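This document opens with one chain alone, in structure tokens, the form predicted alone.
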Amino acid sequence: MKRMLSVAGYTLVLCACNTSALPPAPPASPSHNPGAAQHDPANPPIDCPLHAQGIKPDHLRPFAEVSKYIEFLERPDRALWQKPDAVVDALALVGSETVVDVGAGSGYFSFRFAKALPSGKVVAADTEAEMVRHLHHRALTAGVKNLEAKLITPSDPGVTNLTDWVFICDVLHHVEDRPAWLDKLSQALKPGARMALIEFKEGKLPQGPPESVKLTRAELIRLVSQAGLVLEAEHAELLPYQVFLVFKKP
């Protein structure tokens, strides 16, 4: 799985996973601050995903150390060739699905999926606890209620039989045991579930990983087909530097 540093360049640690850097807040008083938001009893605060998994936030890399990487992932010029909105549109989501974004990183696609799923859910999964911290914090501060940040291991994509779509962008070439990883993913999916797979094309490109780690289109199809998924569609002309394949669980 790809290595992802975590977080957004905030001066203070605001994430619910780690509030030790914050000064104590005065008690809220509706009379003194009538515009303050109050928690709806029907929608309690989101539990910290790292705390739920026993991860201690004081052992994570600090925000300042990784903020530049988040900025790199979210840089405006990336949209020129990654075309994230067009990629989401290409999946033709109806809005009620559950989408698992494996290797979600900063949430570049995850939050776009959340907007496209008004009655659905996106699970933003990553192997880096710092990225999960960032995703959780961003969802809280932006009020995105249909996004769940999830910490996964490099050997398990974290997919369940409740998943309608798996989204994997520039991740598979980082996976060490690809057949086992894809088999675990496929076995977890229900019949009819789909997987969108994006990887960089071969050849000298202005973006992407070294040529030595790239997977050919034929190799991608072979690996996923061996795991039991069937190639359903290909968006061959959408992305200038990447292969964009869609597979389905029979």
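Remember, it's a predicted structure, so these values are computed and weren't measured experimentally. One-based numbering along the sequence shown.
Absent from the display: the form predicted in complex with a small molecule. The rest refers to it.
Chemist: What is the one choice in 114, 87, 139, 175 with a heavy atom within 4.5 Å of the small molecule in the predicted bound form?
Modeler: Selected residue: 175.
Chemist: Pick the stretch from 92-100, 140-148, 115-123, 72-80 whose residues have a heavy atom within 4.5 Å of the small molecule in the predicted bound form.
Modeler: Among the candidates, contact is made by 72-80.
Chemist: Are any of the heavy atoms in residue 166 no more than 4.5 Å from a heavy atom of the small molecule in the predicted bound form?
Modeler: Flag for residue 166 set to no.
Chemist: Would residue 154 sit within 4.5 Å of the small molecule in the predicted bound form, counting heavy atoms only?
Modeler: Flag for residue 154 set to yes.
Chemist: Give a yes/no on whether residue 159 approaches the small molecule to within 4.5 Å in the predicted bound form, heavy atoms considered.
Modeler: No, no contact at 4.5 Å.
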